[in-house]
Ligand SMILES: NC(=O)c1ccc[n+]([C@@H]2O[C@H](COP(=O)([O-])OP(=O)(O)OC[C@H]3O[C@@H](n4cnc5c(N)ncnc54)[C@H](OP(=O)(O)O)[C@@H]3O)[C@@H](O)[C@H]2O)c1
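Next comes just one chain, in structure tokens: the form predicted on its own.
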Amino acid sequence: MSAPAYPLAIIGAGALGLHFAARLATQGPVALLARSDAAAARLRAGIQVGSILYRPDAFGPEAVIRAEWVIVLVKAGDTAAAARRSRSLAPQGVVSLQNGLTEPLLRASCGDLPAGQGITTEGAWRDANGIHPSGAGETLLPPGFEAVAEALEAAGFQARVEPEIAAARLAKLLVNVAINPLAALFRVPNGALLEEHYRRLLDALVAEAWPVLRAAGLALDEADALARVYEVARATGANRASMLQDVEAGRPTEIDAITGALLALAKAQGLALPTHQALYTLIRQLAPHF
């Protein structure tokens, strides 16, 4: 019997992976690759995603399937394993929508398979009742992934190929280093960070990060950088940031892939970022890390 073939596969059955899979499945078959056979079986029984009960075509780590395109939505620490799993699907290409700067590891682990990292500001969070989408965002993909962008658009996502994807990734990193650790530390949804007593820290984080990211290729001036962070916090106001969800669940956080990546860039430029360093240290004390 030949392996089942899908136009799209998503590796990562967390809140965001399920949000993307459920929407994409309204337009055509989608394979959802879970961490274990048991997790896949639970998902196939059905999970609430927004207003629908979604019964995905979910598979465990050893299932033999094929996919034309793969979207990676795992935690940064699982990038290499997800890339290896992607290769087994024999796709035309693999695109990550992860936090942090994971493209070098993704490409190294994918070998000669076309691979790249896009960005998304879609939001979703999970509780005992299911998955809660929490604010429509924008998804940008690297050149070469036009077919994936078209599939996302057909499913109702705001998606496009971005020629200047490297600068866009830095803009997403700016948003992540400002919002994720702060939301996790104070245990508040994204929108709360715009309240005055949190906003002072939010502003300080942006002010520290901006010159480092600008030197690395960020295409935003400082005022636009701050406006971008505010815009995302407002658009995903009800969202419980992924780092907050990890801290509350006692799971490893992505602090190394997010704030750690910024601190590494700053070190290479000979700069110190005391506010980010303090948050980095605090989050590492609050929860395990990859």
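Start at 1 and count along the sequence shown; that's the residue number. Treat the numbers as computed from the prediction; the structure is a model and nothing was measured.
As for the form predicted together with this ligand, it is not shown, yet the points below apply to it.
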Selected contact from 208, 78, 162, 103, since only one has a non-hydrogen atom within 4.5 angstroms of this ligand in the predicted complex: 78
Position in contact with this ligand when the complex is considered in the predicted complex, options 82, 95, 173, 110, heavy atoms within 4.5 Å: 82
Interface membership of residue 99, this ligand in the predicted complex, 4.5 Å heavy atom rule: yes
4.5 angstroms heavy atom contact with this ligand in the predicted complex for residue 33: yes
Partner contact for residue 190 in the predicted complex: this ligand, 4.5 angstroms, heavy atom: no
Contact test in the predicted complex: residue 91 vs this ligand, heavy atoms, 4.5 Å: no
Heavy atom contact within 4.5 Å of this ligand in the predicted complex, the stretch among 197 to 205, 147 to 155, 214 to 222, 119 to 127: 119 to 127
